[in-house]
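Presented below, as structure tokens, is a lone chain in the form predicted on its own.
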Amino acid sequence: MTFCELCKLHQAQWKTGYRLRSYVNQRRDTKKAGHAVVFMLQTPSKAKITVIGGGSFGTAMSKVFGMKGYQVCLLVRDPNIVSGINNDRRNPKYLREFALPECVTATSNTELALERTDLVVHALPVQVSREVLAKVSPFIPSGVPVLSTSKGLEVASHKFMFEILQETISTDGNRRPLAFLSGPSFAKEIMQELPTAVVIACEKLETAKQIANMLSSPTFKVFTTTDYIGVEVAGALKNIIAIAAGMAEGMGLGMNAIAGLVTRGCSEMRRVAEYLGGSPVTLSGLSGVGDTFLTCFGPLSRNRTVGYRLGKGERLDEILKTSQEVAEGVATAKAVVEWLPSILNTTYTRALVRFPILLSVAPILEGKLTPEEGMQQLMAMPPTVED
């Protein structure tokens, strides 16, 4: 490669990651300007936690905080969930077999839920997050941190949760600390108080450490990082890999095929994250391979289940009709088909050569390919150097 060609390559690499890198630089400039908020950790009995979303993971997070003695308020739309939690200490729709601590309550009143709160936990599917966050933003006290547990890529904008949060509740006029929780953590096992390890990412490490201290317990281990980009990318893309792994299992292709598929999927995920500024350490950690392994092999995985049923011959619309909870990988896979080639500044066909697993799931979900045809295409690709 000549010197001029090398220069062109570096220029192309710089341009393709412009949007995310610009965002990172903007955050750094804001911090230098003195707008960063110091998050003061309070004792449990005096602190209030607001959890937005009464699904499985929101319910599990409310129990983790509640067991530490915090006053937890779940903000949910369903009046039956509100009644069930307040009267019976149980969520009647999700994980109903588990009781919640007495300090956990629920309401559909946004103002009441967010009044004098010290920490907001966002636990809604990515595709509905922007609309809900825009509505609740005026009620969140100034400077209160927001911890997101949502994982995925917004279909309409091709943006991650950290970008959605920045555009809705942590604007220049009211800069709030944003943190992101990820890792191998099935909600049911959290409710069972089985040992769980997760990671919290925040640009300001001190904020991540403070939230980690609030959550940590003998059964809930929390690590910290400043690499929120790596955590966000891994959290979104691992769901696509899980759908692919589920399809391989449903087709009965054996563990050799599934292990190879997941490993190569992790390689693709790592390369995307590194390209956008994420650390390979993050991708080899809890939010990367840890969460990917759980989602690909765990029997409670929604995304793996969708893939498994596709591999068995069911249609996607039939699967979604009978699924109680959202499998984020379905929407994310469709968004990635447009998003990934655009950040690489190339065509879908060229991107498919570099990221065949991440880009092959959406055509199967849309009925353009069968799972068998998708696997045949992967196996027919020419040999390459492992990276």
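Predicted model, so just to flag it, every value in this text is computed and none were measured. One-based numbering along the sequence shown.
One more form of this protein should be noted, the form predicted in complex with a small molecule, which is absent from this view; the next part is about it.
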Note to self: Taking 4.5 angstroms as the heavy atom distance cut-off, pick the stretch from 248-256, 103-111, 208-216, 178-186 that is near the small molecule in the model of the complex.
What the structure shows: 178-186
Next item on the list: Look up in the model of the complex whether residue 343 has a non-hydrogen atom within 4.5 angstroms of the small molecule, and give yes or no.
Entry: no
Notebook entry, point to check: Should residue 325 be classed as touching the small molecule in the model of the complex when contacts are defined as heavy atoms within 4.5 Å?
Noted result: yes
Next item on the list: Classify residue 282 as contacting or not contacting the small molecule in the model of the complex by the rule of any non-hydrogen atom within 4.5 angstroms, answering yes or no.
Entry: no
Note to self: Is residue 77 part of the interface with the small molecule in the model of the complex - any heavy atom within 4.5 Å?
What the structure shows: yes
Check: Just one of 124, 169, 289, 73 has a heavy atom within 4.5 angstroms of the small molecule in the model of the complex, so which one?
Finding: 124
Notebook entry, point to check: Tell me, which of 155, 316, 132, 99 has a heavy atom within 4.5 angstroms of the small molecule in the model of the complex?
Noted result: 132
